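In the block that follows, a single chain appears as structure tokens, in the form predicted on its own.
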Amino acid sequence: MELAQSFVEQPLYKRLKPSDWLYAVLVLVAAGQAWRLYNPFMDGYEQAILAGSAIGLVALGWFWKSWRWFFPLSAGVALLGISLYHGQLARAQTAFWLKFLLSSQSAIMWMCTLFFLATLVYWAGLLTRSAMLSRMGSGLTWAAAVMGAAGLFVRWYESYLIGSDVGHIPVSNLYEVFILFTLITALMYLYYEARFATRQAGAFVLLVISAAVGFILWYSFDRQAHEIQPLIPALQSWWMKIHVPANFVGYGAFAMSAMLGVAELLVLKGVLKDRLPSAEVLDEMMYKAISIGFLFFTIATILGAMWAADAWGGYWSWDPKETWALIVWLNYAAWLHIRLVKGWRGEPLAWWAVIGLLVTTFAFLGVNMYLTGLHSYGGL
């Protein structure tokens, strides 16, 4: 006990191991190389984003050890794919490894396949109480996340091969942000899976990811949404690089909390009670997810208001998207208030988390489909 207490009280720099510093050096060298190559094309804001991203990646790697291999591996796969282009986008259809594995579309299709497989394997592990199958589900989820991250990196590069005026970070349309959503949700779940030692919950969380994958596939094949398009004027802003990712940390956390809420409700009803984690563990995971999601959604909302002021001259215009973002924010603010101040636990908050996903889904998709406003460029 005394040893654990002394470890907690140690300053951060004393707790860091050589591998932690090696990871930090790797990230900073990569950021320095990016600055050296692309500094002439970056304004002051984008340089600040690059510096902030490097610091954030180092901090994340120190906080979550798995990130230290996930991010370099994803970047390595992406760089391998990029190196095969030789500056020619047409090679995506002729070079074997690009066509079947490493072009952005191929990598993302592999991501979709692996997420579907992970869902099936997680459920097989849950129903059969097989620890091996649960580990396989976790491994498949990691593999899908690697391919998804690599696919987004390669897509970013491909957009610049089309033209320097076309190139942009791949978070500009529903196809790209759904990929980002699946990636963020999966990574958040994998973190909590390791922290709480609850692989069985993956069967539920992967369901919402598979639903998003189904949308990606439909949107790709029915609408040809995978084709890279130039940014519309409203999105030609550095604000997009920080607002959208922050938003989708929130969306991913809220989606994960809803599926954990479903699992908790089943446990409370006695369904799969002997196979799933306890209701208390699921409740705590749900609370942690909503707390993180609320933090990032708050940051994203503030960034969105600042972007609106820059683009449209006002911080808030009661546009339908803004109004529903406020409704989502108030919903989860109330959820956290009820839990922390009133001490609610269990079934009421689990149902609230599930219903909250419906509210969030309408704010994300329903507004684009059924309402018009300043954000109508995001419609289906």
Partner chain sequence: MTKNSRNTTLYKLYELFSSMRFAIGLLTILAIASIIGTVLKQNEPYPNYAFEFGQYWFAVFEQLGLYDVYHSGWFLTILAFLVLSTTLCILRNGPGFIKDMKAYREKASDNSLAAIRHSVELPADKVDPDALRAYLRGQGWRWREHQREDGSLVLAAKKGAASKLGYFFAHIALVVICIGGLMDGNLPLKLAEMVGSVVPETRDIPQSQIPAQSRLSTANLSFRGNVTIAEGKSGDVVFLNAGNGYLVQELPFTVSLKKFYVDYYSNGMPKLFASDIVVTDKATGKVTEAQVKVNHPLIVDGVAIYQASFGDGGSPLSLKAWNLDAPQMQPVDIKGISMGSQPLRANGKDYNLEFGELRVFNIENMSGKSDDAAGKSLSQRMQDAREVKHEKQLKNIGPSISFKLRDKQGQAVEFHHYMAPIQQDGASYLVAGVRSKVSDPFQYLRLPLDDKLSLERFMRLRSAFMNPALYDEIAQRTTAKAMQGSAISPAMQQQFAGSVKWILARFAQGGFVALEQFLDEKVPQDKRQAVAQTYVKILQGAVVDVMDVADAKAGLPPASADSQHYRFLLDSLVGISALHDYQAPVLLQLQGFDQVQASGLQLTRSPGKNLVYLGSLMLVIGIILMFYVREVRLWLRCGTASVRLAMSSNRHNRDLDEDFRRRSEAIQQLVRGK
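Numbering follows the first chain given and starts at 1. Keep in mind that this is a model prediction, so the values were computed, not measured.
Here the subject shifts to the form predicted together with the partner chain, a form of this protein not shown in this document.
Visitor: Can you tell me which of 298-306, 266-274, 134-142, 242-250 lies within 4.5 Å of the partner chain in the predicted complex, counting heavy atoms only?
Guide: Only one stretch passes the 4.5 Å heavy-atom test: 298-306.
Visitor: Taking the shortest heavy atom distance, is K342 within 4.5 Å of the partner chain in the predicted complex?
Guide: Yes - in the predicted complex, heavy atoms of K342 and the partner chain come within 4.5 Å of each other.
Visitor: Given that the partner chain is not shown alongside this chain, does S106 nevertheless sit within 4.5 Å of it in the predicted complex, heavy atom to heavy atom?
Guide: Yes, contact at 4.5 Å.
Visitor: Would E158 show up as a contact with the partner chain in the predicted complex if we use heavy atoms at 4.5 Å?
Guide: Yes - in the predicted complex, heavy atoms of E158 and the partner chain come within 4.5 Å of each other.
Visitor: Answer for Q47 alone: is it within 4.5 Å of the partner chain in the predicted complex, judged on heavy atom distances?
Guide: Residue-level check for Q47: no, no contact with the partner chain.
Visitor: Though the partner chain is not shown, can you say which of A124, L207, L73, L231 has a heavy atom within 4.5 Å of it in the predicted complex?
Guide: Filtering the options by heavy-atom distance leaves L231.
Visitor: Of the residues I338, I55, M42, A30, which one places a heavy atom within 4.5 Å of the partner chain in the predicted complex?
Guide: Exactly one listed residue reaches within 4.5 Å, namely I338.
Visitor: Can you tell me which bits of 209-242 touch the partner chain in the predicted complex, meaning any heavy atom within 4.5 Å?
Guide: The stretch 209-242, when checked against the partner chain in the predicted complex, contributes F221, D222, Q224, H226, E227, I228, Q229, P230, L231, I232, P233, A234, L235, Q236, S237 at the 4.5 Å heavy-atom cut-off.
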